[in-house]
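Encoded as structure tokens, the following chain is the form predicted on its own, with no partner shown.
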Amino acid sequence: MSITVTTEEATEIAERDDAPALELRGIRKIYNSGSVAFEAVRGIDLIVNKGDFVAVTGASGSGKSTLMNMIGCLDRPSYGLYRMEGEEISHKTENELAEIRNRRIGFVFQSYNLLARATALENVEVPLFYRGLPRRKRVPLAKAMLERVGLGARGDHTPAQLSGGEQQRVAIARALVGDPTIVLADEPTGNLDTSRTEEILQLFEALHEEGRTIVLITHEDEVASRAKRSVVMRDGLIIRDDAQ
């Protein structure tokens, strides 16, 4: 059976293929508490191209976590334009944002955010479960991704039976299992010792070599130096971007 693609659809596909992974223009985020307004992000312009490995750094309160939440569709900008692969994101409904998070963004958190009573395999299956994939299809994909992060033999272990580095690798497998457009990692090595940090950074470097788009939030200069591009924030602004 052949599938006919209209000229308009073909143009949209081509534009999406050529568009940056992320494009932010004039992004601001204002939080209101009674009569007091606090501007956490104060007019950010940022382009992340497909295949970039970007570290966003800055002191506590610099706005980097707020920026990450907006990139990850966990929060909305107060003002500005946000496009993902050329598609306007800023005005999506909550259901549409949830769909984007599930299908196009892979999250890796400092605290792993694994389900305590589920096995490593079951944790990796979670994004596929929310997509409605039956278990017979979820399991092979989750097993393959655990193999990819070096944990093929640990699939039946719960988080309590895994080291911190192993838990973070499970979290990375969960982030990747749905083949997302972008991987967002928020302080992914913050709870790890030096040797485990090195393991995770080597894994991110390998993912970058495969063409993955990665945005990593960190306050550690040593971690940021492993990315291919560094963006530094202060007081809600980008004060340095190695790409510019």
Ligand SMILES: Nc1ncnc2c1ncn2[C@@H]1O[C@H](COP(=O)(O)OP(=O)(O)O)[C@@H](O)[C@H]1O
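Just so we're on the same page, rigid core means the largest C-alpha set that superposes within 1.5 Å between forms. Keep in mind the model is a prediction, meaning the values are calculated, not measured. From 1 onward, residues are counted along the sequence shown.
What comes next is about the form predicted in complex with the ligand, which does not appear here.
- Only one of 208-216, 191-199, 35-43, 176-184 places residue heavy atoms within 4.5 angstroms of the ligand in the model of the complex, namely 35-43.
- Interface residue remark: residue 65 is counted as part of the site for the ligand in the model of the complex, having a heavy atom within 4.5 Å.
- At a distance threshold of 4.5 angstroms between non-hydrogen atoms, residue 61 is in contact with the ligand in the model of the complex.
- Residues in 172-194 all lack a heavy atom within 4.5 Å of the ligand in the model of the complex.
- The Cα position of residue 194 differs by less than 2 Å between this form and the one not shown after fitting on the rigid core.
- Core-superposed comparison between this form and the one not shown: the CA of residue 36 exceeds or equals a 2 Å shift.
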